[in-house]
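First comes one chain, alone, set out as structure tokens in the form predicted on its own.
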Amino acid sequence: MELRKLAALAVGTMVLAAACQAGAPGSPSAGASGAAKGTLKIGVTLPLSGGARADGAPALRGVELAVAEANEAGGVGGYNLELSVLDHAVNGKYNEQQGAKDMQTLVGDTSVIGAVGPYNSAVAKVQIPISNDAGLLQCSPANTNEGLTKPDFGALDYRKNFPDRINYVRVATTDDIQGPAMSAYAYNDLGLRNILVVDDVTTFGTGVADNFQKEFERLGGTTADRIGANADTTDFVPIITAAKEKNPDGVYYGGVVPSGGGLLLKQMAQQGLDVPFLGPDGIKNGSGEDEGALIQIAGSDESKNSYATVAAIGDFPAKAEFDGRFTEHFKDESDFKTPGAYSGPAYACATIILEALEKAAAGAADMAALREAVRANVTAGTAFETVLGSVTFDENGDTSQLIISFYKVDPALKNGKGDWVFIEQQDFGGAVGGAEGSPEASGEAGGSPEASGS
């Protein structure tokens, strides 16, 4: 099999494997190609139950599709693939302790040669020390907190025993780009000047809100108020009531929907605070048809003035073909039948693991050597041909694609239940917010971005 051609979608038509259909969280998926060397596993560690399912399930489906197609094509390096899917949601929210347990399970299974996930940066903080000690390749489709990878932000704390061993990579860019990107959009495109900033007091939410607020104020905007509302908050009325006295013309929510993003938006409408609602990728988690999605919780009409960033390319060249194959593969599922924001990135993570396996399979003497060779193949400068395009990782494990995509809710879609629509994407090419380096768009609305550094 020529895996790169598969990953780059050069294969125009393909019979999709039925053996990797999404099921209950934790159920493994495998093809039946009968590869001669046996079966290897790709771990998946995501929040997959309760309200958090709207975050994790679209990413899981991307991995499932990649593995199904690889098995249908004959496996990789002589091996058949299956998934080891673990759910670290507890009571409908991601849980760091369960995430740590799940990573211990994955590193303890010698047949697992790489893992996709997690979705939340707080979970990554407890998983990376475990996967790094074990030398297990871990690729996140969605983590954005800059402290996970960048030494200047404390990343070495997560790989204390092997500081020079890079095992954690991600295809999403970081919050020191994502936060300023939305602040520039709010100030320049939406004309907002006085924003209420609320965060969910988590690693991700506080960090991205800090980055948003700093750049928004640098641009000349003001912060009406900055409020921390922890992930157990269900009553946002006191926050909304106090904020209304300061006449905000927008609200930025740093956090994820299971932490209260949907409830905040719903209660804003109930209290008559009708202003644009902005947020990072944590608020873009499905359509109004999907249980636990922001639009489903708040309502389509209440969500109509909502905007979100996604820290990954949204309009990649082969998107239409990928979307078609994805929709066909999952057409019989009860939910998440169409790609989410991180379905393509999760598919890309799986592709990267499979490409690394393809290179490693011939020379490894045993399973420990194979796992290490897979990890070592994902090094700075190595190009991986993925559904997102060509991806390389820098010396810290960060992606070369420094792209932020922008979305808005259209309440008329999904038979009036509402869905997110793509507005544009911007390629920041390494620039982040600040007096000397405010990010500027290089892409046109609806068009493909220019390559970083070109």
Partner chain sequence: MSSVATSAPAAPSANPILALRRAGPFFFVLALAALVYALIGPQQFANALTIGAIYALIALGYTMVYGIIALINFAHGEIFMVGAFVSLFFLGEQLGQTGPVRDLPVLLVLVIAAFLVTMVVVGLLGVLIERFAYRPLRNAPRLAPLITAIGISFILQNVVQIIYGPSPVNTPQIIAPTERFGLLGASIGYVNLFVLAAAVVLMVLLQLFVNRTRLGRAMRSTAQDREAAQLMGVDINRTIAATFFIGSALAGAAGVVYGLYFGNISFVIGFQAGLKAFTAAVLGGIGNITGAALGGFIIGFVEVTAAATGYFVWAQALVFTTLILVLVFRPAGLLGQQLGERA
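Residue numbers count along the first chain shown, from 1. Treat the numbers as computed from the prediction; the structure is a model and nothing was measured.
There is also a form predicted in complex with the partner chain; it is not shown, and the following applies to it.
Stretch 266-274 is the answer when you ask which of 266-274, 248-256, 109-117, 173-181 has residues with heavy atoms within 4.5 Å of the partner chain in the model of the complex.
When you look in the model of the complex, the only residue of D235, D323, E333, D301 with a non-hydrogen atom within 4.5 Å of the partner chain is D235. Checked against the partner chain in the model of the complex, the candidates N80, S343, Q296, N167 yield a single residue with a heavy atom inside 4.5 Å, and that residue is Q296. The shortest heavy atom separation between G51 and the partner chain in the model of the complex is within 4.5 Å. At a distance threshold of 4.5 angstroms between non-hydrogen atoms, N91 is in contact with the partner chain in the model of the complex. The shortest heavy atom separation between T241 and the partner chain in the model of the complex is within 4.5 Å.
Although the partner is absent from this view, E291 contacts the partner chain in the model of the complex, with a non-hydrogen atom inside 4.5 angstroms.
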